[in-house]
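One chain follows as structure tokens, the form predicted on its own.
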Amino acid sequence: MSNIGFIGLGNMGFPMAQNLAKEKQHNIYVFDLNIETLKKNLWPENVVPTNDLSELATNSDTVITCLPDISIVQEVYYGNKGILSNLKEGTLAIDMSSSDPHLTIELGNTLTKMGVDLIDAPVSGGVKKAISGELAILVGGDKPNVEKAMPTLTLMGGKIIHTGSLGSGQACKCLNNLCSATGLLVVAEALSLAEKFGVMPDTFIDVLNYSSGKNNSTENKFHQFILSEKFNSGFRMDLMNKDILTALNLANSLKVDFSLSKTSIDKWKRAENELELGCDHTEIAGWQRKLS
């Protein structure tokens, strides 16, 4: 059995790590700052919860990070208590966070100098698919490293897509979230107008879902989290904004006309500024309704 270190047991990371452990194909060291997630009774016998990153690094052949942003990933590897010096040569690093493509490439260059191979493997599908093990995993990196990671990734994902060189997974992830965010926002605006005209909200979403205007949000978010006013999809608005701002920065660096997307990004940022810190991203639809 190989040893895997898993760092980051949040809404997504916790069920992902649990799926890694299910088949008992690996010994898994898990780490998180939230000690509640490290309680031994939450894990099968092949999992070692630890609050010591150096212990995790020393004992791991593969290290997986699933963290809020690239700055935290960088801190884990080469911050004051970074693990880079504890990793064995030949260790495979898999960053499953949603990060910046260019900074991911920089991280990969730093790790390579220490004999550690990095691939980026951000995920899509939300908490529901993290629990079921059916995530889409977008993998950037050299083909041999991706092939080496495949048996591990398939324990967490239903669809593994090799997107290209290192950083390309992150590029695809932030652009995917931009399309998702803009799709949700345009439906929220259209719904406000339909409702003002006298169309019932449930009816309008049904119209979209049986017509050409449907998207992921109409199918999986409006009835479930927005019209129900639960607003608990499990993905925070600030994290959505982080991803779509990453897409904007990428467009600016490559000098791509992003005028339509920028309008969406500006409105998402405005909503975040006016709503409660840490709110679910689906709250933007309720916010939009109050504008009308």
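Residue numbers here begin at 1 and follow the sequence given. Computed from a predicted structure; not experimentally measured.
There is also a form predicted in complex with a small molecule; it is not shown, and the following applies to it.
Chemist: Between Gly213, Pro201, Gly164, Gly126, only one gets a heavy atom within 4.5 angstroms of the small molecule in the model of the complex; which residue is that?
Modeler: For this set of options, the contacting one is Gly126.
Chemist: Quick one: of Leu239, Leu42, Val48, Leu248, which gets a non-hydrogen atom within 4.5 angstroms of the small molecule in the model of the complex?
Modeler: None of the others qualify; the residue that does is Leu239.
Chemist: Tell me, please, which stretch of 110-118, 70-78, 140-148, 202-210 lies within 4.5 angstroms of the small molecule in the model of the complex when heavy atoms are compared?
Modeler: Result of the contact check: 70-78.
Chemist: Quick one: is Leu20 in contact with the small molecule in the model of the complex, heavy atoms, 4.5 Å cut-off?
Modeler: It does not: once the small molecule is placed as it appears in the model of the complex, Leu20 has no heavy atom within 4.5 Å of it.
Chemist: Phe235: heavy atom within 4.5 Å of the small molecule in the model of the complex?
Modeler: Yes, Phe235 is a contact residue.
Chemist: If you check in the model of the complex, is Asn34 within 4.5 Å of the small molecule, heavy atoms only?
Modeler: Yes.
Chemist: Does Ser97 reach the small molecule in the model of the complex, with heavy atoms at most 4.5 Å apart?
Modeler: Yes.
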